[in-house]
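In structure tokens, the next block holds one chain alone, the form predicted on its own.
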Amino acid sequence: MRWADGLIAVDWGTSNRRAYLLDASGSCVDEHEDSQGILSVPAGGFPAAIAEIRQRLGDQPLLLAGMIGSNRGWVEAPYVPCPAAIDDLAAALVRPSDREAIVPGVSYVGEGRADVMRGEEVQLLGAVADETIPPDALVCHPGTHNKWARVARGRIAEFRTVMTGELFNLLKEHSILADLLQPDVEPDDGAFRTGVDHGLTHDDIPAELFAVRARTLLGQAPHSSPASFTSGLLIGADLRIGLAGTVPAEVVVMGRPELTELYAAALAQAGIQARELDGERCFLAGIKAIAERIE
């Protein structure tokens, strides 16, 4: 059996999973997505969940990435330390059987901090493997936990995670701002840009978040703008961390289009060129590159 002759690739996260049936050329010929993330699988339930994927997409080998390899997933796949290349991921695959393989995550320790990723590494190194990005690049990967990664010589050299997406969701669901942060009927680009500018230039985010409510109560801001402003505020602060005072010639923004568009707009406001890449395409490129290395 050659894995590169056809397989099912699975991006299995905490809340969702996406499975893709790939042919020998690496092209996706069928796919399935649902909300059966790892937290929805009961104890001992992963073999049945794996069987369900095969029932939907065919009896093929499975190459799995994401939180499925965490200590809360099926079988733990230990982190590969930075600097990490596609060869390192392939060499550290965990094999529950000869027909399943789990891609490890990547870890970083240095400069007095520690960080981890699972799933994004396949996209990052997939984009390197198919030469969508150069071997040296700064990549922003927006999501629940946004990643800023420096790719050097085709390897993930270092990265930092910013909990922007999760923070916005927590504020929207559980904070005093919840009633103000429901999606705007029409996104307010002006409010978004104002928020981005403040986040880029100030370090008072906890105070400014409360001011969102105060300005609304006192009639100092349009009622349609709090969600757009707060989104911009958090993304601006995110950029401030990820750029760390540098002005790169270009930032590659990789992920879901609805998120890359927001970050690209914020980067443009900061005077930095952004190149948007679809994360799904990069994921499949990474899976193909790993499959070619499985013996």
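In case it trips you up, residue 1 is the first one in the sequence shown, and so on. Bear in mind the structure is a predicted one, so any value in this text is a computation, not a measurement.
Just so it is clear, the following notes concern the form predicted in complex with another copy of the chain, a form of the same protein that is not shown.
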Exercise for the section: Answer with one of Asp188, Glu158, Glu100, Asp115: the residue that has a non-hydrogen atom within 4.5 Å of another copy of the chain in the predicted bound form. Expected result: Asp115
Practice task
Please run the contact check for Tyr79 against another copy of the chain in the predicted bound form: heavy atoms, 4.5 angstroms, yes or no?
Solution key: yes
Exercise for the section: Mark Asp204 yes when one of its heavy atoms lies within 4.5 Å of a heavy atom of another copy of the chain in the predicted bound form, and no otherwise. Expected result: yes
Exercise for the section: Would you check, heavy atoms only and a 4.5 Å threshold, whether Ser107 touches another copy of the chain in the predicted bound form? Expected result: yes
Exercise for the section: State yes or no: in the predicted bound form, is some non-hydrogen atom of Arg213 no more than 4.5 angstroms from a non-hydrogen atom of another copy of the chain? Expected result: yes
Handout entry: All of Arg17, Ile86 and Arg153 within 4.5 Å of another copy of the chain in the predicted bound form, heavy atom check
Key = no
Exercise for the section: Among 236 to 244, 24 to 32, 40 to 48, 265 to 273, mark the stretch whose residues have heavy atoms within 4.5 Å of another copy of the chain in the predicted bound form. Expected result: 236 to 244
Practice task
Pull the contact list for 141 to 177: residues with a heavy atom within 4.5 Å of another copy of the chain in the predicted bound form, in sequence order.
Solution key: His145, Lys147, Arg160, Thr161, Val162, Met163, Glu166, Leu167, Leu170, Leu171, His174, Ser175, Ile176
